[in-house]
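Form predicted on its own, single chain, as structure tokens, below.
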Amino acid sequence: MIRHAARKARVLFTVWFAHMLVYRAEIIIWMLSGSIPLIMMAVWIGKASSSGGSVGGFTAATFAAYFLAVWLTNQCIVAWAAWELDRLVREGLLSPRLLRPLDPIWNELAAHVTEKVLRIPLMIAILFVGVHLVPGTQLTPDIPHVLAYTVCVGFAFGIRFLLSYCTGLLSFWTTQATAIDELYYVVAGFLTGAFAPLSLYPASVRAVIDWLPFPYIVYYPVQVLNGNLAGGGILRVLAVQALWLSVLILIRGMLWRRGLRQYGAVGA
């Protein structure tokens, strides 16, 4: 069973890697289009400089470290499953995929993961330049925090991927699934910490946000990488991420089963 699954995974990744290589220029454009955290970094560094050197305990160097980590995290969690599912359902292209002995979600997951692999060289280059632009910038204090961040950002990607996939499954009932996914980016900009560190938000707002999955997609993984969380704090973040992953897996299963009945009901 494990060997059979590993063989399927190898085939999927090989096929999608070759496919993504064809679109490597487009991937670079996608990466550059996600530069809002870098723009916000310049804004907040300017704000710190004009406010005597710091804002809310953040200096130019810590703002640089924070927003570089936000940019890196955003690059690692990019998901477009909603758009792909919308196209497959709307054009009837999902039907032949249902004949394959493999749940379509694994095909989408393989596409997303291989696309991330192709981003790595440019991500490293931009981080290298960014760290050296602002004197004193320290992206992470040590290797253990990098390893913890790797696990956290993996969970964060899982949450973002499932959010996008569940949104895409709404295509079985509505033609506005992609519009709903677009709304995610508006909401996430404020609730993930992409526009400003959540520690600068009022305590009452933070108390509400912490009940949502959004800060566990970007803000808390960034806190782990920057070294602002350790030990029990990291374990708490991982536990909450695992909880959200479990909830979204259940929701995805429910939407998939009911969606297929809806899909079949209209003659697909």
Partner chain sequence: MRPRRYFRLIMLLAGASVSAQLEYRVNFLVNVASSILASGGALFGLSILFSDGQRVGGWTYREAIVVVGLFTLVEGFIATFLQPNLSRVSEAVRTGTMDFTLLKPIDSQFLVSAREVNIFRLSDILIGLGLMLWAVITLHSATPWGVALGIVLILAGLVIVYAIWFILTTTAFWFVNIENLTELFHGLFGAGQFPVTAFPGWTRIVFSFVVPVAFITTVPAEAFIGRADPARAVGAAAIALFLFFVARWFWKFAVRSYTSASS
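Residue numbers count along the first chain shown, from 1. All values derive from a computational prediction rather than experimental measurement.
The same protein has a further form, the form predicted together with the partner chain, not shown here; the description that follows concerns it.
- Partner proximity in the predicted bound form, defined as non-hydrogen atoms within 4.5 angstroms of the partner chain, places exactly one of 137-145, 168-176, 154-162, 119-127 at the interface: 168-176.
- With the partner omitted here, the residue from Y66, W44, Y220, F214 that has a non-hydrogen atom within 4.5 angstroms of the partner chain in the predicted bound form is W44.
- Scanning I39, A61, L243, V208 against the partner chain in the predicted bound form with a 4.5 Å heavy atom cut-off leaves one residue, I39.
- Contact check for W71, W80 and A110: none of the three has a heavy atom within 4.5 Å of the partner chain in the predicted bound form.
- Taking the partner from the other structure, the partner chain in the predicted bound form has a heavy atom within 4.5 Å of a heavy atom of A196.
- In the predicted bound form, no heavy atom of V131 sits within 4.5 Å of the partner chain.
- Though the partner is left out of this view, L250 does not reach within 4.5 Å of the partner chain in the predicted bound form, counting heavy atoms only.
- In the predicted bound form, the partner chain lies farther than 4.5 Å from every heavy atom of A239.
- Taking the partner chain as it sits in the predicted bound form, the stretch 188-213 comes within 4.5 angstroms of it through a non-hydrogen atom at F190, F195, A196, L200, Y201, P202, V205.
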